[in-house]
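This text opens with one protein chain seen in two forms, each one given by itself as structure tokens under the names structure 1 and structure 2.
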Structure 1
């Protein structure tokens, strides 16, 4: 667990204090931040505070039943989705249907078994992270695109390049880092956000056709810090969304260089997160092989040459090796996703 990320807050609702205490204890052991309410009304007030992401609620309570609580939560407009697990002592189909109709996501029969509870909570976390992941990436990527002068298929290419290198590194396992298939998918999802910080760069610099002055370059470089800090704030608000950590690291470090000569922090070697080392190569390869107002597109072979020269200085040698092993895939994608000569295609 990343020390900077908050624990997910789960609300336990049960009028029976014994059950509430046992539930609370288990949930803390599972690594959640737990709040306890002893009736539905109290629970609803806490949920309105907006800090609660998951609820484990008793069914049958005085004042406001679990069912009623469910309905009230779902009736709210706005606010993040709250995942609701109902605890029921009667597992009759009729009750389960009624609960699900009221908006419960899942139910557990009392008395609960810790293993079962943990599995159900993990499912809930997964649902929540998918929900916020899809929403957040969609919104952010749109924002990034609207301000990025490198329009066209730039973001599409970057995510494909990142995926290829991540796949290769996971396959060979030579980075010595604990990577899995999820890393590949997360790289694919989050790499388009690398330049999100450009939303904070003034137009006259971002869109300037000619070369930038030293001062302007300094400001332009701040897109890494702006992006990193923006995503860091999102990490704090959505601790369950693991992809945001990756997106943050990519935004912050995709202009760092392996030998420490990059920006914004001059990190070197493994101090640069792997995702940043991968994105750095993808970004450079794409810049080299794309046509700009002020330059022609470089051929794949010439770009490969440049990247080989940067092996161990600009780029992580292992990432370069992964690139070289898959360079035909890069070449194929680069041609397939090349920006069209006219913007007509963008209208379809």
Structure 2
């Protein structure tokens, strides 16, 4: 659960060596991995490698101008989106319009302030993160659904339960962490990926209709490690997709217990990321109140009692308190999103 190790790569394109060097130095100071090209043609070849997601380009250059470079990039039919910032002394309105029409995402006039460029690059990171986020969450959630027949309504309920508790914790501020509406939204988006590691569990264990043996239980518990390592690899490959940090932590830690008796790492207390502490309660509540082939669904009241008994041992007391203040919202959602009854024919 370390921060992403791979830096966002930015391509600087400028035929003036002094300007290119100043840009390179500034961007390295801001924490970017920088590649430099001295004309549009060289830059376009680098972009075709697929490793460049952000470009800061001069307008006037030999061989291929920045404007033509923009057009060539936007003409590419495939590949990930490339965010382009044009850097030029052309400040007339018609020049700005021409640059944006050619495909530039942003525009900075010379002489520029490094701090302004940093802010505009951060905007580009957010744009790229949104693209990666939506595509990745959809793909991974569908992958989970394809392996586990129980995941459909379960995923819907889990994200709603996580949203409710995150909202409550943001409202009260009692966790002592700097939370806001973005945290609530990201919990809603990423919590359905908590069991993504189940794609690596053998069918005879994942789909077993009865209780698991001790050996099978140990194999099933590996889904936290498989999911965490899978998302960790995505974090390293796509550092701009910061939502993956939250998804990764949820996958790793949603079976940890507040007293340290959980798995896979035996983390305790605040060593467990808050997102994992929230997902842990949501997952248990849903497991208790859902019917399975090998068990009946527990009532909301009985599940509420189990969660109260786990306050301070299984669950973070603050998360339990948030649940208790909103437990009727849980109950309404549980009934609204309940799994349909299993047809009799399917049981024969």
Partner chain sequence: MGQIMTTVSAATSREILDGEELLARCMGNWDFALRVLGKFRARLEADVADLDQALGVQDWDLLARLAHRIKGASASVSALQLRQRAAELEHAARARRVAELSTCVERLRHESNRLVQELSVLELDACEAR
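Numbering follows the first chain given and starts at 1. Since the model is a prediction, treat every value here as computed from it, not as a measurement. For clarity, a rigid core is taken as the largest C-alpha set superposing within 1.5 Å between two forms.
Note on provenance: structure 2 matches the form predicted on its own.
Core-superposed comparison between the two structures: the Cα of residue 28 travels 2 Å or more. Superposition of the core reveals a Cα shift of less than 2 Å for residue 312 between the two structures. Once both forms are overlaid on the rigid core, the distance between the two CA positions of residue 159 between the two structures is under 2 angstroms. Comparison between the two structures places the CA of residue 118 3.3 angstrom away from its other position, after core fitting.
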